[in-house]
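As structure tokens, the next two blocks hold two forms of the same chain, structure 1 and structure 2.
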Structure 1
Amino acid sequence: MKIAILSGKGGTGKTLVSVNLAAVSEKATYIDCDVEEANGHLFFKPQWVQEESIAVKIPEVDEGLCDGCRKCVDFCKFNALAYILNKLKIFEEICHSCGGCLLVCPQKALTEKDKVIGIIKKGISNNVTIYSGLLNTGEPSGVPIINRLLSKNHLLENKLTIIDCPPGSACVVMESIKDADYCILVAEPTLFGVHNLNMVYQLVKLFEKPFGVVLNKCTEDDNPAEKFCYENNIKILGKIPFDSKLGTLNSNGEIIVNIDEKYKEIFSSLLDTVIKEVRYETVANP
């Protein structure tokens, strides 16, 4: 069972929900797909950490074979190639590793080499297996790291997998949710929160994923995000109150369900609700 946690921006509470759902489960795999700013490990503090380098293929040129036809330059839509002073220049920092330049080169002057773009870390914290992806600064895309994080050998370790997605709705988020069984959208109780909720709401609808919403930082005041859910017939899975104690513990990298019984009950109930939703969807849409 793969549960993806999304939010329209950072700071909404996506990692708070992800970490505590994993921690409150009997056994789970937690995957941090926010490869540009992974912070789930700060809560779990995993032990026995292993690292794996992730590389992509980028072109390199044999200058003795290149005749300056520029077909590769014309093909590349990312402007990663240029022919300057009778020499093919490859800008590795903006190459998207599509391999198309090799296919169009009539002289077969281009081959591929490996370029490390980041790492994956695996560790253990009590009942949770933790995977974190870290993209090197300046790399154009974290998609290859996310694809490796979500590879089948990782997902088969435990029955429950919690996927902590990047914020927003860009390509890295799409890669993170494409194989998810259920999506949880985390929203704040503001008009800006509604705007961000609508972004990920449209995304999960586009991918035809079953989903529900968790409302974070709830107070007694009017909640525009809650109103948005009612108006669009969106299931509210649970509410997390605005609580200075929760904020302090979270900012200190503490897992709240391990400290406060009230929040253990909140997240246990939330996990039970989500599991029931997934089972219902499985039966209703086999």
Structure 2
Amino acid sequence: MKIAILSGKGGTGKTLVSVNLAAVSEKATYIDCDVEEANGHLFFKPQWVQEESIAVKIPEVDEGLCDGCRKCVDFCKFNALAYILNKLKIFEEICHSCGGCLLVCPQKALTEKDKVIGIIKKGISNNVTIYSGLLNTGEPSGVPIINRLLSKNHLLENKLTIIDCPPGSACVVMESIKDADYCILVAEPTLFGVHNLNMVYQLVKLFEKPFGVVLNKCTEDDNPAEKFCYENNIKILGKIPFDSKLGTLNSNGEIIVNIDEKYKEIFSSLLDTVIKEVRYETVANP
């Protein structure tokens, strides 16, 4: 069972929900797809057991074979190649690794080499196995890391997998929810919150994923996000109250379900609701 946690913007409590759902379960895999700002491990403080470098393919030129026809330079839609003073220059951080230049080269002067763009770490913390991806600073795209994070051997069908997605609705988020069985959208009770909730709402609808909303930072005041859910007939899975104690524990990197009985209950029942929803979905829309 793969559950993706999303939010239209950062700071809504996406990682809070992901981490605590994993922690409150019997056994879970937690995958941090927010590769630009992976923070889940700061809570689990796992013992790292494995590390893997993630590389992309970058072209390399054999200057002896290159005859300067420039077909590759003209072909590259990303302008990653230049031909200067009888030499081909390759801009590695511009390259999208499409392999087009190799295909068009009549002299077969181009080959590919690996370039490391980040790492994936595997760690263990009590009942939770953690996979954390980290993009090197300056690297523009985390998609290859996310693809590797979500590759089949990390996802065990019979086990609960929590996918902590990057914020927003960009392509990295799409990669992250592609294989999810269910999506949880975390929303804040503000106008910004509604605007951003609407964006991820459109996204999960587009991908035809079953989903529900968790309302975070709830106060006594009007909750525009809750209103949005009622208006659009969206299932509200649970509410997390605004609580400065929760804020403090969270800001210190504590996992609240391990400390506070009340929150243990809130997240346990949230997990139960989600699992029921997923089971219902598999029966209703197999």
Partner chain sequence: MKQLLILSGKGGTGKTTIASAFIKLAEAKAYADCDVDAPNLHLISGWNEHPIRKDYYGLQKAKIDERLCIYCGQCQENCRFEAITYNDKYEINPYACEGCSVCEFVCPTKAITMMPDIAGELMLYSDKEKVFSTAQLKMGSGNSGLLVTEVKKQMKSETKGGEVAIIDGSPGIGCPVIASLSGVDMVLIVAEPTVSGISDMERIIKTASGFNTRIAVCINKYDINVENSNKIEELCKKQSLDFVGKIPFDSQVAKILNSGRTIIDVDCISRSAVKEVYRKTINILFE
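All values reported here derive from a predicted model rather than from experimental measurement. Residues are numbered by position in structure 1's sequence, first residue being 1. Throughout, rigid core stands for the largest set of C-alpha atoms superposing within 1.5 Å between the two forms.
Asks: Only one of structures 1 and 2 is the form predicted on its own; identify it.
Replies: Looking at both copies of the chain, structure 1 is the one that matches the description.
Asks: Rigid core aligned, does the Cα position of Lys87 differ by 2 Å or more between structure 1 and structure 2?
Replies: Yes, because once the rigid core is superposed, the C-alpha of Lys87 moves 2 Å or more between structure 1 and structure 2.
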